[in-house]
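Given next, in structure tokens, is a single chain: the form predicted on its own.
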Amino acid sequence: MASKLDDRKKQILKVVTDDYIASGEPVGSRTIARRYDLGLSPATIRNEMADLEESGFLEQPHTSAGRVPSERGYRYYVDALMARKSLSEKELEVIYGELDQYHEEIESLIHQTSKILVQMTQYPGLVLSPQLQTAIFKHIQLVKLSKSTILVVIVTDTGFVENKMIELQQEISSDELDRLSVLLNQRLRDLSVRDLQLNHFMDLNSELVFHDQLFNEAIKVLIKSLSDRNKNGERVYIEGTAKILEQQEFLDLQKLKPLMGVLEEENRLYKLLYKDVIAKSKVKIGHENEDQVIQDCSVVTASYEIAGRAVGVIGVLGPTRMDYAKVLPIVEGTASVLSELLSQISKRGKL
């Protein structure tokens, strides 16, 4: 795409986009000539803006003589033109200070992350909790509750804990339970849920000639628990939905009501975010978002990690007239701090 615009058009597209992001008002050629020292006459700027409109990078609202960036223009701006800002040491300290208060409790830490995103960007903040498929098994414990009832406890490094009870047809001793727990931990520890294969369980079964029923029931519970958690367990934390009301693009109730509805539906927010777990950072503009209701919006996301593995996503949602140069480093910086704190928790064995 870069080869389609010469330097002059790039310069004009950049200042039009910068000006519109800052002011919210369509930009005319005289405004550009007056505010920016481009060394070009208003007539020349007007001709270049007309060419940019014809090429699909600018568009003209019906009620204005000025122009605004199109989705294609915003995409080009984000990819090639914007002067990306860096977080100051003070801003990083604020993010770290806000999140470090919750370094002992993963759920509170993730919830606070959505709040700091709102505070720093003035847009709604979204956080997708750690994904089970990326989780690493850390511990499986079988606990005897009665003669024929045992408790299966599953723990992963992303903070997922599952407890399930199994009713057996025969009695089992605590020693036998301990042996099975040891074997499960030896074979499954440090395997990801995604990489877990049935043959791991078959190998175990060959070692357990005793109590086949217990083994089979325990594995059924393990697989079902993980499957159920994968479907329903990941949460999306959202804060600052009222910030949408402050954006002039959504003063129209016909646009606002369905958008507010999306922000209240966790399943739709999950679909919005989960594909970006493996992406370091991503900007989706307008119709690049699959959900039709948010195609007047942009979503800026970044993945966060535990010990170098991407496990979840944070981001903000706002109008396409978003200050991308400011928002992107905030989202990336917050993801980096969250990754650091979660990795520290994991090393201490709290996950």
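What you are looking at is a predicted structure, and each value in this text was computed from that prediction instead of being measured. Residue positions are given as counts along the sequence shown, with the first one as 1.
The same protein has a further form, the form predicted in complex with the DNA, not shown here; the description that follows concerns it.
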- When you measure heavy atoms, are I285, H287 and G318 every one within 4.5 angstroms of the DNA in the predicted complex? no
- Heavy atom to heavy atom, is Q60 within 4.5 Å of the DNA in the predicted complex? yes
- Query: Taking 4.5 angstroms as the cut-off for heavy atoms, does A307 touch the DNA in the predicted complex?
  - Reply: no
- Might K326 be said to contact the DNA in the predicted complex, defining contact as any heavy atom within 4.5 Å? no
- Query: Is the gap between L40 and the DNA in the predicted complex 4.5 Å or less for some heavy atom pair?
  - Reply: yes
- Message: For the stretch 62 to 81, I need every residue with any heavy atom inside 4.5 Å of the DNA in the predicted complex, listed N to C.
- Response: H62, T63, S64, A65, G66, R67
